[in-house]
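Quick heads-up: it's one chain on its own, the form predicted alone, in structure tokens.
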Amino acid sequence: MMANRHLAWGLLLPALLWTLAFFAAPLVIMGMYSLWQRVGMKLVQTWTTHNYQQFASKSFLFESLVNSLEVTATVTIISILLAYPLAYILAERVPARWQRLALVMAILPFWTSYVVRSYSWLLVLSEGGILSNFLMDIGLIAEPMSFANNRGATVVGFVHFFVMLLTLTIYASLVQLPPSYRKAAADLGAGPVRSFIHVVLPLTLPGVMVGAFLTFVLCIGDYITPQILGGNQELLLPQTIMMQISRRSDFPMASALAMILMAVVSLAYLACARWLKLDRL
């Protein structure tokens, strides 16, 4: 018994040390920095909530969080609406022997670098890009028009990436659903629509929620896509954090904003975990 316990701790210790060194310790240091203050070019190591007060009082700081939440909510909703039909088609309409190939073909474009995909969308949406030239060719616009450097372009870039992530999580839920459930619903007089609404959809919602949470976390903390496609027309919170570091060297304020971002993600996780727990009761 004792030997098994020692073996368990021996196997657990490397992961525990890794977590403490590269997650817990940096988080504690960042929390300490957020309670310090930059005065002039000096770092004043005096405990204060000044940075958090600045976040509440300066409109552009608070608006960056609101912008991030709005963009993330929009991306998550659109991705779910696009991913569920795609996952359903892959799980229910594609023959079983072709499903693996269909999944590989679907995710193949996502093996390309994330940065490359963002710049590819910039080429499509920019003035004189593929979309602008196409609209000019069919006569909808008379001169080149830019569809980039705005919130819509940022949402498009995000959705292109996250819709497949959600498709995979929803697909995993659909293929695990026993066919007997649908047969039982049909025996009770439920048609395909009612069977989907009352049987398939509720049983696959956990997969939807997991994918939505992953989309929320990755989207709200992303810096690259808003920076490339958004054009700094409206700042999201990750961009505001980087501005505090690159332009002002204000590491305490950047740390405070990062802690706020961590708090938002933690609240989203708790809400998602609570919903999944209640859903299983």
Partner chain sequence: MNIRTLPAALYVLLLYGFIFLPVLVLVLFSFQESRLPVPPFDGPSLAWYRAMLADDRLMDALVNSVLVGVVSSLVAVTLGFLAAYALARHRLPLAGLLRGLLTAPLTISYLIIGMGLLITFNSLGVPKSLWTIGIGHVVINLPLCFAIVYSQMGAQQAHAERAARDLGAREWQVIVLITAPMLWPALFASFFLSLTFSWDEFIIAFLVSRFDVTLPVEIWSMLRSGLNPKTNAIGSFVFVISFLFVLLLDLVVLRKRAA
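Positions refer to the first chain, counted from 1. Small disclaimer: the values here were computed from a predicted structure and weren't measured. For clarity, a rigid core is taken as the largest C-alpha set superposing within 1.5 Å between two forms.
One more form of this protein exists, namely the form predicted in complex with its partner chain; it is left out here, but the text below deals with it.
Heavy atoms of every residue among 106, 242 and 255 are located within 4.5 Å of its partner chain in the predicted bound form. When its partner chain is considered in the predicted bound form, residue 169 lies well away from it, no heavy atom lying within 4.5 Å. Contact check for residue 227: a non-hydrogen atom falls within 4.5 Å of its partner chain in the predicted bound form.
A residue is said to contact a partner when one of its heavy atoms sits within 4.5 Å of a partner heavy atom; residue 20 meets this definition for its partner chain in the predicted bound form. Looking at residue 200, you'd find every heavy atom of it more than 4.5 angstroms from its partner chain in the predicted bound form.
Here the chain stands by itself, but in the predicted bound form one stretch of 203 to 211, 143 to 151, 175 to 183, 86 to 94, 86 to 94, has heavy atoms within 4.5 Å of its partner chain. Proximity to its partner chain in the predicted bound form, taken as a non-hydrogen atom within 4.5 angstroms, holds for one residue of 73, 190, 135, 82, which is 82. Taking a 4.5 Å heavy atom cutoff to its partner chain in the predicted bound form, the contacting residues in 9 to 26 are 9, 11, 12, 14, 15, 16, 18, 19, 20, 22, 23, 26. After superposing the rigid core, the Cα of residue 21 is displaced by 2 Å or more between this form and the one not shown. The two forms, fitted on the rigid core, differ between this form and the one not shown by 2 Å or more at the CA of residue 11.
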